[in-house]
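Each of two forms of one protein chain follows alone as structure tokens, named structure 1 and structure 2.
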Structure 1
């Protein structure tokens, strides 16, 4: 290497290393900002070690009152509330699945190819997806009174936009060749949908609907706490009167029911896959 080439190489080395140092500095800056944000959130939320220790001592006393779990002589009432919770979840899921079919088909790019309409429809679904089932339950309990009716409507309205989005994505991922063959043979649009599209998306939609049934059975307990009926109402009543042994019995029974439902649903979804 000539002296001139060597000098140029030495002069260029720091410039070559500079982007790497800049990248590391940026990463360090983002890390410090994240730590500062986390510290600020902890201070704002009053996350103190002393409060955690005091809460643990209270939690230990609470847990001691849960043993042994007891049904309090209300086993039939608890089982009936569990059945009501499952009925709420089932009815809400079925209503949502049926109603979501049309917006799911319309929301697919392969069905509505106009970008502006597709964008606007999807954003409308996203807007409704932002409202949780608990908020719908509070609204419907205030409108229709206490009971499972408001819970069913809340679960259905919370699920419709989410299921419609999933249905639309399933339709978009379908193979177009069967439908093109049916169109080429002169089949009507409804026949194309029934024979070319439905056999492809039905197993996927059924699997997604079963997954929402599992989720709704868990969410229905929370809705009951705000007056929408079901096992949540029984839990709220026991907590209010400090009957934590009965609360523990209800929670254990509820967890068993959720586990059984999840197992059955997973096996059914595995067969549909």
Structure 2
């Protein structure tokens, strides 16, 4: 290549003709910094390879005691606990769905046409959307004592902000032409909502609520750990006494229940659409 050709290529694409090591060095620098930061985090948390390996071998030992799974001679109790977990999930979802209706409707842009109010309200919902049900459960169990009551409240409270947001979006995204048609026929405002809005948003809301029932069944299973009853309580007890064969049995039964609930709920949601 003649020096002239090189100069022309450089002029045409200065970045591409830059010596390769330069951009590579920058990339390498960034990569090193990232690795250093991650290593720093690992050291800060005292995560050591040796501990991990030792834990893995212990894990293998524990896992070997899981077979064969055993019901521990009290299947009825496990089934009751599963039913209680589902009951918590169902009750929590129903309460959340009913309560979320109000902020959901108020939070819809099309209902409250005041942008600042709407923005503030949505942001508030956003802030509390992140709090896991377990954190609520901890406080409610402390307040109301052991038992599913705290769990139900915790599930409901954790769902309300998310459901309210979804409801608000369902209302905002609905088609307003049917409502205009009703208004043009001289329908009262309530009749416009009943015949124009409700048939549009009700199936969407029902479908979203069912989806939350599915996820609440998963969340409800862990609430027992902090004393809110249900299958989580049974599991925690088995783990504490190292009865991993019984734990395995409960987990398998639970996974089957989750699969059944998911299938049923998906069927219903498909019909709603």
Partner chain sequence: MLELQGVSKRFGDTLAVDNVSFACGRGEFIGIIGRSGAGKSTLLRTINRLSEPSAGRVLWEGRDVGLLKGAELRRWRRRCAMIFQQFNLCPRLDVITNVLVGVVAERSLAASLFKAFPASDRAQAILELDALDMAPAALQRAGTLSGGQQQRVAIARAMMQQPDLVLADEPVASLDPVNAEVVMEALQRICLERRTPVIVNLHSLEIARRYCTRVLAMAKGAVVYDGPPQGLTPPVLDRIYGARNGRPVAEPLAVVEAA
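For clarity, a rigid core is taken as the largest C-alpha set superposing within 1.5 Å between two forms. Residue numbers count along the first chain shown, from 1. Given the structure is predicted, the values throughout are model-derived calculations rather than measurements.
Chemist: Identify which of the two structures, 1 or 2, is the form predicted together with the partner chain.
Modeler: The chain shown second - structure 2 - is the form that fits the description.
Chemist: Answer yes if the Cα of residue 30 shifts by 2 angstroms or more between structures 1 and 2 on a rigid-core superposition, and no otherwise.
Modeler: Residue 30: C-alpha displaced by 2 Å or more between structures 1 and 2.
Chemist: Superposing on the rigid core, I want to see if residue 202 changes position between structures 1 and 2 - specifically a Cα shift of 2 Å or more.
Modeler: No; residue 202 is a residue whose C-alpha shifts by less than 2 Å between structures 1 and 2 when the cores are overlaid.
Chemist: I want to check residue 52: does it shift between structures 1 and 2 by 2 Å or more at the Cα, with the core superposed?
Modeler: Yes; that C-alpha moves by at least 2 Å between structures 1 and 2.
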